[in-house]
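In structure tokens, one chain follows: the form predicted alone.
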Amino acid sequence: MPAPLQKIQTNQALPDSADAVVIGGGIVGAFAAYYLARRGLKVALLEKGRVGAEQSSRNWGWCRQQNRDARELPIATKSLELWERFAADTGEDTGFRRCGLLYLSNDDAELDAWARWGTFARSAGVTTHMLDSAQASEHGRASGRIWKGGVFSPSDGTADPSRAAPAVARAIMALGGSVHQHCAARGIETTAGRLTAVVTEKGTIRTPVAVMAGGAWASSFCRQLHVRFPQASIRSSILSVSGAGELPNALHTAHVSVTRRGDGGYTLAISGRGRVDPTPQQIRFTAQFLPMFLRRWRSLAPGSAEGWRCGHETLARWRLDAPTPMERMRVLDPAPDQSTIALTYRRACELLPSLAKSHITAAWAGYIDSTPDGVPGIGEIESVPGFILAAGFSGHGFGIAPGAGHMVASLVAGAEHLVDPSPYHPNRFQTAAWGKVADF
């Protein structure tokens, strides 16, 4: 079975014009369109398939500050506030709750790293508690093990990937914006170098602003505009189970992680583990991604032709008056790696004995798109005024989507930002590729 996802009804008629068009109906694109609509702009959100059907519904659902890279911590903190405020402002339910995140370990080096991060985080006003052996073992009593230590971050939480993006899409329409499923954006039109329209398979929308929030498709779209955006994707496989009994709401260990789902079941995954499916785009950007791959090589394994088949990392150029790769692959739905699924379930049952009574309800894979430094690219592309990038979220996009969407809306409106946008600007990819790789 595929990853669960709510179905929603969206607009049929395409507007002739809009103040802004957002390309990509994942969680980042949805929040960008939502905050644009809240500012009173006429906004259209375009999705080639179903809203939230790619990585936005295939992730763990964690919304965390804990262990964030210093560059992402401010936007992570603000995003937690915005998740809560969204529910209060709209009445929509994304499943968000501050249930706290639990990290357990028997590795001294890992515990030391968490302690160092905690010292930094507390200086930034983040609440995080180091746990000694007795505390960690009590928090992790479902494992029946003695733990050397751990971390509990009580102000962090989770949201429900199966309903978050659809909930935000409904809120956009309630504010007067339009949402269009099964409507791929093929490209843009410019006048005197400035963006003036977005061309879709169903017609052209006149607009001075387009936001590219297309996830794993972003780099191939940017290539059509002669914009170089280094991006690579990892195929990650996870599963869900039911009948597991009561377990921690959100638990991470080095061997396996467990997250309670909105339906009462649990998502199981191995953090960082994935397959590298070779694609033309990955070959093109190999040099830029060497630092990241060298850092993560223990978690990654060679993949298959799945990525080549999907077409999201093509180097091909396409015409605006003919079907594009996005129309041939409406939803990226790669095959899960069955060996990873089996290993994940076995490790989870070893960690939490009550899982032995559970049964697997679904297993799926998704492409996690990343930048060379593991920090997203958010900002206007200088060579194409009016074209704003919001992509490369490197597995962190779900949790920080509200903050990213708010940042995009502030960029478009020329308004004050909640956090400094400069660390995210895509200009950094035009210089050295060997910068600091984010902690994952």
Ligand SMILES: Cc1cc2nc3c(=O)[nH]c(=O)nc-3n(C[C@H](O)[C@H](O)[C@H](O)COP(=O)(O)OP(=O)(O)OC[C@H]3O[C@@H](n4cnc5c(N)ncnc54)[C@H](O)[C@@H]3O)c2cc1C
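The numbering used is simple: start at 1 and walk along the sequence shown. From a predicted model like this one, the values you see are computed outputs, not experimental measurements.
One more form of this protein exists, namely the form predicted in complex with the named molecule; it is left out here, but the text below deals with it.
- Looking at 407-415, 394-402, 36-44, 380-388, the stretch with residues near the named molecule in the model of the complex, meaning non-hydrogen atoms within 4.5 angstroms, turns out to be 394-402.
- A single residue from the set Ala210, Val258, Ala363, Ile368 has any heavy atom within 4.5 angstroms of the named molecule in the model of the complex; that residue is Ile368.
- With a 4.5 Å cutoff on heavy atoms, Gln55 counts as touching the named molecule in the model of the complex.
- Proximity of Gln66 to the named molecule in the model of the complex: non-hydrogen atoms within 4.5 Å are absent; the residue sits far from the partner.
- In the model of the complex, Leu355 stays away from the named molecule, with no heavy atom inside 4.5 Å.
- For Ile188, no non-hydrogen atom is located within 4.5 Å of the named molecule in the model of the complex, even though that partner is not displayed.
- Taken together, the three residues Gly25, Trp60 and Trp217 all come within 4.5 Å of the named molecule in the model of the complex, as judged by their closest heavy atom.
- Taking a 4.5 Å heavy atom cutoff to the named molecule in the model of the complex, the contacting residues in 311-339 are Met326, Arg330.
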